[in-house]
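Below you will find one chain, with nothing else, as structure tokens; this is the form predicted on its own, and questions on how it binds or moves follow later.
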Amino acid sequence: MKKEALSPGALTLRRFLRNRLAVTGLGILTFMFLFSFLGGLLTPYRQEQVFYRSELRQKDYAAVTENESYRYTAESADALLHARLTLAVAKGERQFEDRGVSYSLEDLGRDIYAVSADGVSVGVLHKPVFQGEGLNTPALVAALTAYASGADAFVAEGKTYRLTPEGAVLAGEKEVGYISSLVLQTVGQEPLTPGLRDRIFQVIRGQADSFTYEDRTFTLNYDAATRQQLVREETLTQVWDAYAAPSVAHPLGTDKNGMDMLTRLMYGGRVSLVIGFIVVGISALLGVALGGVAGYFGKWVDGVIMRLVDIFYCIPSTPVLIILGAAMDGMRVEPQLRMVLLMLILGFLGWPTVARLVRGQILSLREQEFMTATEACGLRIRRRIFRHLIPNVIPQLIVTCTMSLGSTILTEATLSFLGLGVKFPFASWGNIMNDVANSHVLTSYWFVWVPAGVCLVLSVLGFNFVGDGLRDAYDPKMKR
């Protein structure tokens, strides 16, 4: 029984399916397309979705310094007298003369001394300081004197003030300040309540290292360099769940921004594959058009187009891409527009290879008999080129474009890895692997960069295997 003859298409398909590497590559690409496009639809997360975890952190709340130098409070400030009074206390002197005036010091307690000049009270020398507003110098002298004696009230300029054991000065029910040798400075905008301030002073004097106030936990740490007690508040803070290990919720863990790595990998595959196809499509359209015109018309048209191809071949594409990427960084081009410009630039730089291939094929085809027949039938030039010549170039064109897809994806990945390609929040396999620049991530968090590298290698291998299979299948000299 006579076997039915196979059509050219069926024969080509048969040759392709006999090539094990080609079938393997086709299987790899099928999986990658399903993983990237179908997986992105099935995943419960969005590519820009950030996950958080609760973490106990210490926030600087206040700094407390022990005042160890004497200050002089008087109606008339005198720096020279202040220095002389401090020296007298250090030497244990209680009386001395300065510039013809006899001064005496009375120890009131708590490192506070009443200063008299020729028997008249003129001020107070003290280590405890008043922190607050609303007391003039006479009232402040009265407050320090009352604090030294342990009094609970004092009168200044006809107004009565109350003084708490902790050193708070009250005018009625309002606190106008407090007296203490501990100088407290708050960090941030949160006001410090008198109760918390007194509690801090109490804990510092008790030499404890932590305390609780109104369900808030604080710790104290002494900084020897600044001689300060640093008060820090322990708070339960929501932070990015960065570099979380693989789990049921996140099979490939999370990245530095707390985003699900598996979801980013799926969306990154979509971006990388789409960029590869669009770039190759742009290159093919420009190359087929210009190569077809150059090969058919020849003469000066061919010369002009081929010189243009030579010029493009002389352009150092990698430095140009790096410069353009840096320029887009400087102009702060939006990520979406940047991705479009990247595809246009890569496609525009890649057309010369296709144009040279198409031109060479058409130069050999235009002299064959079927082209003489089209000319004899009076077909228009455009129809001769795009209806009869280009279809005969398509097999070789498909092989070239398939092989180019792998290199285009690698180029995009390289630029994104260098921070010059696809930008956040969009994901691509290249910018996912950008974290490898951090040596700690490289050695400690394999799940951040290994899956993206594996996907990239498999995709490029798949395109190369399919391209080799198509080249062998379209070869008429290959055995059936």
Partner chain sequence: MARYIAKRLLVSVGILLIVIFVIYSLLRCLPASYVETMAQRLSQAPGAKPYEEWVQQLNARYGLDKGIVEGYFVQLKNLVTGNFGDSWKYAVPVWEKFTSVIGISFVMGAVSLVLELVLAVSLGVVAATRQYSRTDHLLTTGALLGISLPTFFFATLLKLVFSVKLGWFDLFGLVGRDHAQLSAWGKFWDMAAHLVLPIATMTFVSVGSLMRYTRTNMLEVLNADYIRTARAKGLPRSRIIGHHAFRNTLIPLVTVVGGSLPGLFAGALITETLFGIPGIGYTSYQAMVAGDIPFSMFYLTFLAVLTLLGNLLSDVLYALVDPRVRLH
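Residue numbers count along the first chain shown, from 1. Keep in mind it's a predicted model, so treat the numbers as computed, not measured.
One more form of this protein, predicted in complex with the partner chain, exists but is not displayed; see below.
Residues of just one listed stretch (131-139, 283-291, 226-234, 310-318) have heavy atoms within 4.5 Å of the partner chain in the predicted complex: 310-318. None of the heavy atoms of residue 426 is located within 4.5 Å of the partner chain in the predicted complex. In the predicted complex, the partner chain sits within 4.5 Å of a heavy atom of residue 460. In the predicted complex, the partner chain sits within 4.5 Å of a heavy atom of residue 21. Shown alone here, residue 422 lies farther than 4.5 Å from the partner chain in the predicted complex, counting heavy atoms only. Interface residue among 155, 77, 331, 90, judged by heavy atoms within 4.5 Å of the partner chain in the predicted complex: 331. Of the residues given (69, 439, 54, 30), 439 alone sits with a heavy atom within 4.5 Å of the partner chain in the predicted complex. Shown here without its partner, the chain carries 413, 418 and 449, all of which come within 4.5 Å of the partner chain in the predicted complex through at least one heavy atom.
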